[in-house]
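Shown here is one chain on its own, the form predicted alone, set out as structure tokens.
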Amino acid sequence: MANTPRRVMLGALALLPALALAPLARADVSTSAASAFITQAGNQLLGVINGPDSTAQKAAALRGIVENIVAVDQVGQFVLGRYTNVATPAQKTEYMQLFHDLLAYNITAQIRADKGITFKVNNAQAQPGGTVIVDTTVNRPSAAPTDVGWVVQDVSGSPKIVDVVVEGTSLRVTERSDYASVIVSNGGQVSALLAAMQKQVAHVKSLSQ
């Protein structure tokens, strides 16, 4: 379930901390509003990542910010895809909790590595379906600059991040493919995905400690 493209994107999510679009309460967001949203969110997160607080304090602050700027539930629903229809109510609840935990712990695990990160907003382009992709350049001390696109959509009256695109690769599409592969290879059992996610949470949590 761990691929290099997703590792790159999770590193990007440490900056802005994860499709036929999942159903969203939708209105078009303007390119200027999307750019302003990403700029504000990025500066807010950079203040935490590059700040003097302890790792635990930074982790708590980042999780709160990410829950506010990312449409985590909607992305999670998309990633589970058609298996939403076969999962039991209890499995859906557990899946969503694990999905939130994975995002939180992946971001936390990046804190030490990504101190000193900077970014620049380049441009924003409206996309079909009412989304806007905001193109940015992310600079990390230990890596070459990376072009990262943040897909922004109006969700219930507020702009939210609904996808991250690095070098043409979509995070939510990659995750959906990975998760479906786990389920299919285990006879269509959603329980197998939940078990794999539990192991992944434990692994990423250990890296953040």
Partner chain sequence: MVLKKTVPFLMLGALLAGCATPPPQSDTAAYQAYQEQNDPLQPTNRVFYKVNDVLDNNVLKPVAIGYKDITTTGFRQHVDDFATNLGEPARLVNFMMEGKSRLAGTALVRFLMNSTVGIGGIFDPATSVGYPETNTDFGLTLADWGVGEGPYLYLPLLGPSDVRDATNIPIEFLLTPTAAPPASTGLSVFSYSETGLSLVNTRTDLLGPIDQIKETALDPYATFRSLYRQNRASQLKQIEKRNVLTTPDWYPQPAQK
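Positions refer to the first chain, counted from 1. In this text, all values refer to a predicted model and were calculated from it rather than measured experimentally.
Keep in mind that the form predicted in complex with its partner chain is not shown, yet the notes after this line are about it.
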Would you mind picking out the stretch of 59 to 67, 149 to 157, 163 to 171, 36 to 44 that comes within 4.5 angstroms of its partner chain in the predicted complex, counting non-hydrogen atoms?
163 to 171
Site check 48, 74 and 88: each within 4.5 Å of its partner chain in the predicted complex by heavy atom:
no
Would residue 200 show up as a contact with its partner chain in the predicted complex if we use heavy atoms at 4.5 Å?
yes
Quick one: does residue 120 come within 4.5 Å of its partner chain in the predicted complex, counting heavy atoms only?
no
Would you please decide whether residue 178 lies within 4.5 angstroms of its partner chain in the predicted complex, comparing each non-hydrogen atom pair?
yes
Are any of the heavy atoms in residue 78 no more than 4.5 Å from a heavy atom of its partner chain in the predicted complex?
no
Within 4.5 Å of its partner chain in the predicted complex, which residues of 69 to 93 have a heavy atom? Give them in sequence order, or say none.
82, 83, 86
